[in-house]
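Below you will find one chain, with nothing else, as structure tokens; this is the form predicted on its own, and questions on how it binds or moves follow later.
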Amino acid sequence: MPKTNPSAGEKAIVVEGGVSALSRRKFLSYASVLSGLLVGASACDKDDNPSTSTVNLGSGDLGILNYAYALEQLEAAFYTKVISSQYSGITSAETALLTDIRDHEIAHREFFKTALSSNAIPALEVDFSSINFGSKDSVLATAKAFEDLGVSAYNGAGKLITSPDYLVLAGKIVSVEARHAAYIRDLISNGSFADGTVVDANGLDKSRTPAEVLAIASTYLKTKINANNLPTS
């Protein structure tokens, strides 16, 4: 995942100190398409009592998009912290590639936020107290868990999406998440990028339901997420 500069005429999106790999032109184009598809969709339910720190993802395709947005928020926050508080002994190559991943996750998060507009859930409050950001082992183990979780989440949500346009967008994002997962896995143990813990006997990536994914992700979230209205089949 080598870093590249934006081409002439394309202004890169600068977010949280990182330059997104997604150009502003492409970003706005994709967001415009998704926003157009969302016209007429009802807004997700938000908890009227902020003290409960609970958000409702909503239902149907809109709920699935907010589900993806929640996961991208979590990953973007994690990699932003990884780069701002780098672990001991990090190499220049690791810094460059982890920065690329951070920029991708931020671009994904901002894409969903922009496209969902008023239908988007609010910013989630994360809890990374269980992660030692000064330790390479702790950071990479968490990155592996997040990336494997993200891939399985998109795989599991695909069958719940009714709009072909949304499904195409999800497919484009999950392929990037899988590239991240492969890099992180090989950084930990060379050759483990597609071992039996994530790829089954049929050569297919494993998948998880939203309930299974959010049960795992909740360890790293202070905000509680209500996914009761998401489709299940």
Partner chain sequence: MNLHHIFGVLEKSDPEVYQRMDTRRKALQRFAGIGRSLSLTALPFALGSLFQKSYAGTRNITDTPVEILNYALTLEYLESEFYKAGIAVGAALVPAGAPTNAIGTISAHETAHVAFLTAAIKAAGGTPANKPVFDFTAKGTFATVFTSYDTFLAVAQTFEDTGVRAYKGRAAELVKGGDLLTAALNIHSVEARHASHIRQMRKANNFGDVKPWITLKTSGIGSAAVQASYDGEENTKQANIEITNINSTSISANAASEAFDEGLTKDQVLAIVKNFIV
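Positions refer to the first chain, counted from 1. Everything quoted here is computed from the prediction, not taken from an experiment.
The following text describes the form predicted together with its partner chain, which does not appear among the structures shown.
Query raised in the report: Tell me which of 84 to 92, 157 to 165, 118 to 126, 131 to 139 has residues with heavy atoms within 4.5 angstroms of its partner chain in the predicted complex?
Result: Stretch with heavy atoms near the partner: 157 to 165.
Query raised in the report: Would N56 sit within 4.5 Å of its partner chain in the predicted complex, counting heavy atoms only?
Result: N56 lies outside the contact set for its partner chain.
Query raised in the report: Is T114 close to its partner chain in the predicted complex, meaning a heavy atom pair under 4.5 Å apart or at it?
Result: It does: once its partner chain is placed as it appears in the predicted complex, T114 has a heavy atom within 4.5 Å of it.
Query raised in the report: Taking the shortest heavy atom distance, is V151 within 4.5 Å of its partner chain in the predicted complex?
Result: Yes, V151 is a contact residue.
**Report entry** Non-hydrogen atom contact L71 with its partner chain in the predicted complex at 4.5 angstroms
**Finding:** Close contact is absent here: in the predicted complex, L71 is far from its partner chain, nothing within 4.5 Å, heavy atoms only.
**Report entry** Neighbours of its partner chain in the predicted complex among 170 to 189 [non-hydrogen atom within 4.5 angstroms]
**Finding:** Sequence-ordered list: G171, K172, I173, V174, S175, V176, A178, R179, H180, A181, A182, Y183, R185, D186.
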